[in-house]
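Form predicted on its own, single chain, as structure tokens, below.
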Amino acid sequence: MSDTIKTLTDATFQEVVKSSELPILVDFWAEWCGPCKQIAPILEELAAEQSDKFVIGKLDVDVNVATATQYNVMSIPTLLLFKDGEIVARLVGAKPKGALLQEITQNL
């Protein structure tokens, strides 16, 4: 994972999301998930290209079950966009870069 993407855990999630000055897109993923691996390079690109508009974080649902359960993550990848600590968008499943960016930016 690159330096531009924050690794989140059950212990750090609330603090990072609530203290983020920019909106934060959290990728709920797992190592064994094919679609998660499919969108990982897209998220890396977006993290580098859009760093002035939003931040990207990743939370491994196998290791951080409490947070995944708290946000009702039933399938992965699930991307939650938080603005001022509140969810403003929920994107489920792998999408092409253009579609993903469009859904994110319309909710910023």
Partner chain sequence: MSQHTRVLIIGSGPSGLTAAIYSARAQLSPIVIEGEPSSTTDQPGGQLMVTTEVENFPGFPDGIMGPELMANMRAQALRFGARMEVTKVQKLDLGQRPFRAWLTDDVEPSITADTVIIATGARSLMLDVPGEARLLSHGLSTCATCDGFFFRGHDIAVVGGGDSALEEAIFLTRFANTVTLVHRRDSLRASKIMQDRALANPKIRFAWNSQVTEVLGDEKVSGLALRDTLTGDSRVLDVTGVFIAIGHVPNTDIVAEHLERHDNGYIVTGPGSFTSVDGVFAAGDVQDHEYRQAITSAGSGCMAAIDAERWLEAQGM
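On a predicted model such as this, the values are computed, not experimentally measured, just so you know. Positions refer to the first chain, counted from 1.
The same protein also exists as the form predicted together with its partner chain; that form is not shown, yet it is the one meant from here on.
Asks: Which single stretch, out of 18-26, 5-13, 93-101, 80-88, brings residue heavy atoms within 4.5 Å of its partner chain in the predicted complex?
Replies: Among the listed stretches, the partner-contacting one is 93-101.
Asks: Looking in the predicted complex, any heavy atom of residue 49 within 4.5 Å of its partner chain?
Replies: No, no contact at 4.5 Å.
Asks: Do residue 55 and its partner chain come within 4.5 Å of each other in the predicted complex, heavy atoms counted?
Replies: Residue 55 lies outside the contact set for its partner chain.
Asks: Using a 4.5 Å heavy atom cut-off, state whether residue 33 contacts its partner chain in the predicted complex.
Replies: The answer is yes: residue 33 has a heavy atom within 4.5 Å of its partner chain.
Asks: Hey, in the predicted complex, does residue 73 get a heavy atom within 4.5 angstroms of its partner chain?
Replies: Yes, residue 73 sits close enough to its partner chain in the predicted complex that at least one of its heavy atoms falls within 4.5 Å.
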